[in-house]
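Presented as C-alpha cells, the chain that follows is alone, the form predicted on its own.
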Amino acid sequence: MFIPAIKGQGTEEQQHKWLPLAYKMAIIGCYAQTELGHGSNVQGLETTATFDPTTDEFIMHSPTVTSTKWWPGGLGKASTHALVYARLITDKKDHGIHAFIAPIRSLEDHTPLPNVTVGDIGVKFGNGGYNTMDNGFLRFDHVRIPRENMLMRLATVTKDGKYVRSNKPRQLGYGAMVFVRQGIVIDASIYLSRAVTIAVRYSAVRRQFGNKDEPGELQVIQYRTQQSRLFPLLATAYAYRAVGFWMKSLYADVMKRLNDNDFSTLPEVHACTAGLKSITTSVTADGIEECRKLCGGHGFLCASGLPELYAAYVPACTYEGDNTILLLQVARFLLKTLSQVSKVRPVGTAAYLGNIKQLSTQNCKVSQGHDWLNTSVLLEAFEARSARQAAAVALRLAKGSGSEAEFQENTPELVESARAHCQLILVSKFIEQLQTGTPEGIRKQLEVLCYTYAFSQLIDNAGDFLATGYVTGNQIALAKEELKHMFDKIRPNAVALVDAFDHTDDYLGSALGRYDGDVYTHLYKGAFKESLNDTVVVDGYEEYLKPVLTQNLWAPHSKL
C-alpha cells in the first residue's frame, strides 16, 4: 500500500520525488497505520506528528505503549521508510490523522535511525504460512522529519504552521484501499481455487465403502454429501474470479474519475470494495478449512498442503479492515442511499434500491423447479431480499432517536443487510459474465456453476429469504432439487473444472492434489523424508524408553 497511498495522497511534486525511488527499490516502504492499541478505529490512533515552525520539521512521537505501530508487513526487517499515520498537531491543535513518510533505517547499513525502535512482532499462526512476512513494530522518540514529508494532496501545513485543508475530497485517500481490496478479492478466488483443486482431485482418487449395486468401493466424489459440501465451493471460486475481473475494471474506472476530479462514485465504490473484501475473505477462510475436512484424516497432514494454506490465508479476514466493521460501513452506505432514494436515483451496485417499492410488494412467482433456471428470476430474488432487509432496519432506526447507541443496538441486523447486499453483487456479477460473449461450450459450464452458486446461497440463507416474505418454503424446496441437478452436471467435469485453474503441482504443494492422482505413493515416499525417520531407533530411546521397557511392571506382587 506504500505506493498507492503516495499516489492517492501525495502532491505531484511528492509523487515525482518518492515514486521513482520506490519503483526501483532505492527505498523499501511499508504502510504503518495499525497500532498496538488501535486497528479498525483509525481516528483513535495515538502516534503524533507535532509541527515545529522554528525548524520547519515534524516531530514524530509514540507517547504510549499502545501507540506502537504494530503489524505493518515489511516493517520488521526489510523497510527503510514507513508511511506513518499520525495525529497532526500544529500550535497545540489536533487536526486528526494524516500521512507522513518517515525514514526508519539507514540507507548505508540498514541500522535503525536514531530514536527509532523497530523490529519483528514474532511468530504467527502456522508452521510457515504467514511467517514469511516480517510484520513489525515501530516506535518514535521525538524523531524529526522535514515538513515536506507530510503527504499534502488533501491538506497542507505552511512554514509558519498554518493548517490548510485542500478543496479536494478526503475520499481521494480511498484509492489505496480500493486498490488493495480489489487485489484481496482476486486473491480469495486464487486461494479458494487451490483448496478446491486439492479436495476435488483427492475426492476423485479416494474410495470408501460402496453399495450392493456396484462392485468395489465408490469414489468419495460420488457421494451426495461430499458433492453438497464441495461443489458449491467450486462454484464460489469461479464466482469470486468473475467478481475479481469486474473489480479490476471498477478500480480503473474510479482512478480515471479521480484524475478527472469526478468523485461521484467514491462512496458506492468504497462500500462495494469493503463489503466484498469482507464476504470473500470470510468465505474463503472457512472454505479452505472445509476442504481440509473433505479430505478426511489425510487433510490434516501438512503434506496435503491445506493446513499451511489456511494459516497463510486466514489473516486476510482481519487485515485491511476487520470483516464485521467493513460490513457496518456497507450498512451505513445502504441507509444513506435509502434516505435519499426519493431525490437521487441510486447507481451502480445499489441501483436496485431505486426499485424498492416493487421489490417490497411483489413476491416470487416460481411454481416449478425449472422456473428457477432463469437468471432474471434469481437476480430479482436476491434484490428483493436485500432491499427488504435494508428497508426493515432503516425503518426501525427511523422510528428511533437516531443516536449512535441505537445504531449499535441494531448492528446484527445491519450486518445481515450488508451481507445480503454483497451476496447480491456476487450473484449479479457472475450472471453478467455469462453475457460477455463467452464461447458457447464454456458458457454452458459457467452457467451450471453460476446456478450452483446462486442456489447454494439461496438455500444457505433460506431463513432470510423466508423472513422477508419474498419466497415460500415450497419455492426453497424446489431450489434444493434444482441444486441437486446442478451437482449431477458438475460431477463429470469436476476434475476438468479445477484443472482449468492451471495450478501446478509445485504451486499447490500437495500430495493429495497431484495432477497425476498418484496420491498414496507420494504420501508414502514423503513419510521417509520426515526428520524423525533419519534414525531407525529414535533419539532418547536409551534415556527415556529403555528404562521403562526394562522394568518388570507386570510382575505379580503376591503368590497365586
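Take the two forms, find the largest set of C-alpha atoms that superpose within 1.5 Å, and that set is the rigid core. The first residue of the sequence shown is number 1, and the count goes up from there. What you see is a predicted model; the values in this text were computed from it and never measured.
Note that the form predicted in complex with another copy of the chain isn't included here; everything after this is about it.
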| item | value |
| --- | --- |
| Residues Tyr310, Asn410 and Leu523 all lining another copy of the chain in the model of the complex, heavy atom within 4.5 Å | yes |
| The unique member of Asp141, Glu148, Glu481, Glu432 whose heavy atoms fall within 4.5 Å of another copy of the chain in the model of the complex | Glu481 |
| Sole residue of Tyr130, Trp246, Trp372, Phe100 within 4.5 Å of another copy of the chain in the model of the complex, by heavy atom | Tyr130 |
| In the model of the complex, Arg292 touching another copy of the chain (heavy atom, 4.5 Å) | yes |
| Residue contact check: Ile59 to another copy of the chain in the model of the complex, 4.5 Å heavy atom | no |
| Close approach of Phe137 to another copy of the chain in the model of the complex, 4.5 Å, heavy atom | yes |
| Contact of Glu404 with another copy of the chain in the model of the complex (heavy atom, 4.5 Å) | yes |
| Partner-facing stretch of 363-371, 200-208, 183-191, 233-241, counted where any non-hydrogen atom is within 4.5 angstroms of another copy of the chain in the model of the complex | 200-208 |
| Contact set, 61-93 vs another copy of the chain in the model of the complex - heavy atom within 4.5 angstroms | Val65, Thr66, Thr68, Trp70, Trp71, Lys77, Ala78, Thr80 |
| Residue shift check between this form and the one not shown, rigid core fit, Thr80 Cα at least 2 Å | yes |
| Cα displacement of Gly119 between this form and the one not shown reaching 2 Å, rigid core superposed | yes |
| Did Leu532 shift 2 Å or more between this form and the one not shown, C-alpha, core superposed | no |
